[in-house]
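Shown here is one chain on its own, the form predicted on its own, set out as structure tokens.
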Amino acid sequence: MLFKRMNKRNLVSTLVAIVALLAGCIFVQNGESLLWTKIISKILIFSIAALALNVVCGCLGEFALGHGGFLLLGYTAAVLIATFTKNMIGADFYKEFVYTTRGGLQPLGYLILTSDVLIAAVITGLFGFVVGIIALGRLKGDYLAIVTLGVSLIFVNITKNIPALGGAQGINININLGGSPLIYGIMLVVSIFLILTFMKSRFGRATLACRDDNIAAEACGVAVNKSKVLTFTFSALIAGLAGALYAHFNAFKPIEFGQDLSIELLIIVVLGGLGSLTGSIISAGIIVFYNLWFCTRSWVPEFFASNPKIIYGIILVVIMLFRSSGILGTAEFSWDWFYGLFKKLKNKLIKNKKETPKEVE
């Protein structure tokens, strides 16, 4: 089982952390600061997208450079499904229960939005399965990166040439962005649970074996190609989930899901550490916070404020030179480490207090 080795203290700490995350999402959602609502929402969405890419790059050990295209597929599918749902149940009914989800708790609205993003994720996973069969069985390394990037550009160019979706001017969204930080937070927790469950299953162990040594894994009876395709499909499904949530976050042009977004996700994964899920979440927070908060400050030089992505190249150079493994490397955040650090700080404070000389009377 997933929590088989988790003691009572760590299990309680995990549940408390989940409750705190969702409570924070509700607080931000009902707050008056639109900037912080936007920042938190995008951090949660990009965390899911980075986790999806980390499954391929960190856990499978393959170099994929086209997850921006899978986000676009999830985005487009969510828009089409939401539009179909609105036409089927009526615009007034849809507006009453879905449009107001951002500002209030509407159970039926959350159910409609959740169904929307889950169906979009499954559709994206099917496309990922097809791409995985075509590419992973024949290519690896740089060649796989080029093919996945090419597939992503195909998705972008097809989408921007469909008039019904708004064409090059951007996807015409008529769902009024009904998403909320609470939905994004719940989906992040679900994504982490699914990835941990997958990686602890026999399919996940086969994925790690393929990452370490394909020949040795095949000699041990692992179906290497099957495992790679399955992992890539699962990664595409999670990426589609992030893209579907993105559709309820803001309106974007299809071109914005091109190579720049794929490279940005890759930077997030490398910064956090290949194979580290918690590292991807931390680095997603850093990158989004830099883009949406730091670059908007008046004291930031105009050059960096106007060209926020120029810092990405600097980040990659610094990481490769001084900490090529990323922030957490292949390690994960653990409660034992957290409580160990807390215990060390507590002992140090007690020791300093004992060593402080008493005042002379």
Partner chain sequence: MELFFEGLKNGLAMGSVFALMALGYSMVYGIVKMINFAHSEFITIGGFVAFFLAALFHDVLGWAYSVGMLLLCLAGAIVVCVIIAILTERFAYRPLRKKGSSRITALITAIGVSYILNGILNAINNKQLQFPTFFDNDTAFIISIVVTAALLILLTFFVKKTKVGIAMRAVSENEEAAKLMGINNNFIIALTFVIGSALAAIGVVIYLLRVPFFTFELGSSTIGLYPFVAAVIGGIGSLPGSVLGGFLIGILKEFAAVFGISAWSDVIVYGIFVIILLFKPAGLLGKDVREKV
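Residue numbers count along the first chain shown, from 1. Computed from a predicted model, the values in this text were never measured in an experiment.
Not on display, but discussed next: the form predicted in complex with the partner chain.
In the model of the complex, Ile263 approaches the partner chain with a heavy atom inside 4.5 Å. At the 4.5 Å threshold, heavy atoms of Lys140 reach the partner chain in the model of the complex. Within 4.5 Å of some heavy atom of the partner chain in the model of the complex lies at least one heavy atom of Asn307. At the 4.5 Å threshold, heavy atoms of Asn157 reach the partner chain in the model of the complex. Remark: all three candidate residues (Val270, Ile314 and Ser324) come within 4.5 Å of the partner chain in the model of the complex, counting heavy atoms only. Listed stretches are 202-210, 183-191, 142-150, 280-288; the contact stretch with the partner chain in the model of the complex is 142-150, by a heavy atom cutoff of 4.5 Å.
When the partner chain is considered in the model of the complex, only one residue from Ile134, Leu118, Val224, Leu80 comes within 4.5 Å through any heavy atom, namely Ile134. Contact with the partner chain in the model of the complex, judged by any heavy atom within 4.5 Å, is made by just one of Thr114, Gln259, Thr85, Asn250: Gln259.
Contacts with the partner chain in the model of the complex, taken as any heavy atom within 4.5 Å, map to no residue of 70-85.
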